[in-house]
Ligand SMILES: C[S@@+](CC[C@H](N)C(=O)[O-])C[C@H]1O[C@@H](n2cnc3c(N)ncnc32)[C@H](O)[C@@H]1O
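Taking the form predicted alone, here's one chain by itself in structure tokens.
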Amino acid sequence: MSTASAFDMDDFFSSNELENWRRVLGPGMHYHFGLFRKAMPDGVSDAEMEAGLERAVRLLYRHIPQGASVFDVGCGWGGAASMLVQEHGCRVHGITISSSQAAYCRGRGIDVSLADAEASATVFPEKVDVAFLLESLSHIRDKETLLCRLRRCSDTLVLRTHCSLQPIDDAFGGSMSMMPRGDLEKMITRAGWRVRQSVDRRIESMPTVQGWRERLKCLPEECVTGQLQVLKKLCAEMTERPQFWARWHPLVEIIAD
């Protein structure tokens, strides 16, 4: 993942202790929204949370051939990459700008590069079946250049990303820039892709916030710093006005070839 030079993305993603991330993200270390079959007004159990996080990945399997080569841009802590390898037989190469995430992924046996996706064109593969971006595109400032590079090396684009009804350049602690869904679809088309599917998954994703919020409450206050503090603030905002948030900030899933 990358952002403007004034923002230290590696520090943002690497400054919190690994154990605190484990307590918030759960055993699979999935740092993305889960997708749930129903609303959960009484809260989300650990088992329900993990099932929703895994479902968010499995729903994308239909767009990824069994055993495909996958370039996972912004692979995070490797939750999705691990599932793609173990369950779907894929050959995955991940990239992250976070030194902590890269080290953790290597410990999981994931093939990963520590690099800035916007500045390090040399880490791009010559050819892969699928370019996979699970909630990472919003951390990219020059989205169109990245999408053009991925078009040259990938047959299929599988992404899920945060959008907004109006452009926002400083979301999530300054680490994210978001754009309207229609503008994103046009950008993807300009980059040479043909959009085959575009779906808003935000309503299905909302119970994730309950799970994160409860886990963050269990951390000592002195541990909720940096990105965890930003995440806590986001959970509070989404919980306070869920319908507003869902309408203004769609979670858009796009499949293109």
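All residue numbers refer to positions in the sequence shown, first residue = 1. Everything numeric in this text was worked out from a predicted model, so none of it was measured.
From this point on, the text means the form predicted in complex with the named molecule, which you will not see here.
In the model of the complex, L234 stays away from the named molecule, with no heavy atom inside 4.5 Å. Among residues of the shown chain, E118 is one whose heavy atoms approach the named molecule to within 4.5 Å in the model of the complex. The shortest heavy atom separation between M9 and the named molecule in the model of the complex is within 4.5 Å. By the criterion of a heavy atom within 4.5 Å, I140 is counted among the residues contacting the named molecule in the model of the complex.
Segments offered: 130-138, 82-90, 148-156, 183-191. Contacting the named molecule in the model of the complex at heavy atom distances within 4.5 Å is 130-138. This chain is displayed alone, yet in the model of the complex one of R215, R202, H32, H63 has a heavy atom within 4.5 Å of the named molecule; that residue is H32.
Residues I95, T96, I97, S98, Q101, A115 of 89-115 are found to place at least one heavy atom within 4.5 Å of the named molecule in the model of the complex.
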